[in-house]
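In the form predicted on its own, a lone chain appears below as structure tokens.
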Amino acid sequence: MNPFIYIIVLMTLILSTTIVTTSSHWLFAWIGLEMNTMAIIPIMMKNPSPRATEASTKYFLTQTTASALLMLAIIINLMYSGQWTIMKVLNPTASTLMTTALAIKLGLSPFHFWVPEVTQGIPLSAGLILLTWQKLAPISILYQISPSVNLHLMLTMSMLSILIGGWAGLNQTQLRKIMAYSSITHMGWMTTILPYNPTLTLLNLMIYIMMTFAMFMLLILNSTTTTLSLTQTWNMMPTITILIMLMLLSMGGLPPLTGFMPKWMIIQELTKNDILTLPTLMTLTALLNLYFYMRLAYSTTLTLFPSINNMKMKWQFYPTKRMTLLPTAIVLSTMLLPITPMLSILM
């Protein structure tokens, strides 16, 4: 792709998300979401192939369906309230349709089927944008309408997302699909707490973006897309294997790493609201995710494949890529747990 066009597309992507997050008018928010969808498709098609075309088409169809549903909800809400203000969602039908449309955009279960397929068909860099930046716009709208969301619908979708994200990720060997199922689970955790403490949803989103960014950067650094290619990492970059293990355990929510913080705070908030069954189920299903992260960590760090002596020198001659924010992202993704008391005061 022409670098000039690529910069324009990236700028449109940033601008569209900014429009959605800053607007209080439904029409501007909807236009921002449409710009967002149209801007990411050229990024997905950066390396043209039948697989990328298929993934882009699936993404486009899903997102346009969600946009049409959202516009229907906006019009219903306009008929009943006479206002375009995002904060004023007075009609229960409009609220349910909005929640469903935004759930499709986020890839919450039972509308999650497009997420693994699309992520698998696109390059790692495009997958990173899809699973991090593209979550900002729908979550910002959900944050604004959180007082009027349908509680039972939201909690059902959240719990289903946590369950399916754990179960479906168990038999995967493709790293992009594993990251997609991990994203579905994290979205489930975020939307569970949304009706009770929306600020905690934003904290969880920020930590999730940091962890996913660091993980994808490590995968891009090694050009690894399968578990098998991940097992060769010790041959090329021995230090990176330890970082990958730390990142995987942090994403699994293991203390004393950063990933434990949002889970801890969400469970604490739910128990404060006298909800006990839901956090218990969520904690149990988090073990499914931890299992496949542990399996990846084991194949990366804890196995040493038999090889000839020349192979062991491979890492010394391996051309490294420039990763600007990687050290910062890794530190933030693994060492933020001690500041939890300060963040809990802010919440």
Partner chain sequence: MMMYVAFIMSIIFMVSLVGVSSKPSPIYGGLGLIVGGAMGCGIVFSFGGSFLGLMMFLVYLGGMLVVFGYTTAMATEQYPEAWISNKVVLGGFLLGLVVEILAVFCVLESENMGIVFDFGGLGDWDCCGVGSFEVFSEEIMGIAGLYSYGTWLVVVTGWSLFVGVVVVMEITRSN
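Numbering follows the first chain given and starts at 1. For clarity, every value in this text was computed on a predicted model and none was experimentally measured.
FYI, the form predicted in complex with the partner chain isn't displayed, but the following is about it.
In summary, among the residues Met282, Ala66, Ile41, Ala297, the only one with a non-hydrogen atom within 4.5 Å of the partner chain in the predicted complex is Ile41. This chain lacks the partner; the member of Leu170, Met79, Leu276, Leu151 within 4.5 angstroms of the partner chain in the predicted complex by a non-hydrogen atom is Met79. Not one of Pro238, Leu257 and Ala286 places a heavy atom within 4.5 Å of the partner chain in the predicted complex. Among heavy atoms of Ile19, some come within 4.5 Å of the partner chain in the predicted complex.
When the partner chain is considered in the predicted complex, Ile31 lines it closely, a heavy atom lying within 4.5 Å.
Proximity of Leu15 to the partner chain in the predicted complex falls within the 4.5 Å heavy atom cutoff. The shortest heavy atom separation between Leu290 and the partner chain in the predicted complex exceeds 4.5 Å. Residues from 1-27 that approach the partner chain in the predicted complex with a non-hydrogen atom closer than or equal to 4.5 Å are Met1, Asn2, Ile5, Ile8, Thr12, Leu15, Ile19, in the order they occur in the chain.
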